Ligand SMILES: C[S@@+](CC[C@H](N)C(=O)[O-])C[C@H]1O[C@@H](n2cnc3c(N)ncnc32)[C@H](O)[C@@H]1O
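Shown next as structure tokens: one chain only, the form predicted alone.
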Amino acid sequence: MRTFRDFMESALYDPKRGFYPARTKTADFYTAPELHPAFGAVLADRLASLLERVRADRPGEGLTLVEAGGGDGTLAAQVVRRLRETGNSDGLRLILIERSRRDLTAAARTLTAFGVPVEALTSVERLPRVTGVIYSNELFDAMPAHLLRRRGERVLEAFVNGDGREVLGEPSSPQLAAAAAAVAPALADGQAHAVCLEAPRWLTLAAERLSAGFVLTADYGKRFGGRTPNPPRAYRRHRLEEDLLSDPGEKDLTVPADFETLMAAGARAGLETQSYQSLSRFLVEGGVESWLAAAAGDNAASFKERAQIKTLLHPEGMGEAFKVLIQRKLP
């Protein structure tokens, strides 16, 4: 019998049967950089401003830009292209962290063509000490999580038996027992709550390896704080499915990022929260309107492009569901 966390790990990342190794882009969901390059350009401009702040604090020191969980390099390519266009890539070192060696190799090959030194790593544990910015997009919502469920007066942990069915039992660790107690008052009978223990661990490791600079996190989620139910979700062909356990590897399993937990973990690791805002506000402040203006026209291509950008902004699209958190490691 496995924890739901281990089931989710296998369903998503098994090299032969996992969802991500076989994923076809945009078939089940869109990421922001897959939807439109305006996201990558606005992000790059913000990264450039953050790097400039680090450069002012550490004059003469080499700067590094680290992207974590970037897949095949779609977003990294957009970011580097924009940095080159705006003259902000000179002297910059780029590190990619991606657990899939296939995607990591593809991303490194793509980015090498831009003339920026690229280092490829399979885990944050391998990251050397850096000064600069560590950023990610949809990293934390793809991390496997444990599952808690209320039954009567108790909150128990969900396990998956050999038949692929859910079985409830005592929490498998003191951390999960504490999480069950914290969320219990908010859970109705039968309701589920996911607890991702790996997200704060990852952020702690990243903070330890950042000598000075910023951590920028863009992700689907909000401030749950362990007290508001945060059930996992399954998506297939852009539709939400209720059954988490059927057809493992054929659909995306995801848990919205808990930004309050990330803020708390960051504070313990020496990261100071600089800003927390919706993706919509982040993009508007970054000048995304210029991309809408550039897409003006009455032809089908212009209409499609405007619709894609508006999906990034609209509250019922990505605009409010996604958040952007910026934390600073003081020099």
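In this text, residue numbers run from 1 along the sequence as written. Note that the coordinates shown come from a computational prediction; the quantities given were computed from them, not determined experimentally.
Only in words, not in the display: the form predicted in complex with the ligand, which the text now covers.
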The listed residue (92, 139, 234, 180) that reaches within 4.5 Å of the ligand in the predicted complex by any heavy atom is 139
Report yes if any heavy atom of residue 266 sits within 4.5 Å of a heavy atom of the ligand in the predicted complex; otherwise report no. no
Look up in the predicted complex whether residue 98 has a non-hydrogen atom within 4.5 angstroms of the ligand, and give yes or no. yes
Just to confirm, residue 278 within 4.5 Å of the ligand in the predicted complex by heavy atoms? no
Contact between residue 214 and the ligand in the predicted complex at 4.5 Å, heavy atoms? no
Proximity to the ligand in the predicted complex (heavy atom, within 4.5 Å), stretch among 196-204, 106-114, 149-157, 239-247: 196-204
What residues, if any, in 1-22 have a non-hydrogen atom within 4.5 angstroms of the ligand in the predicted complex? 13, 20
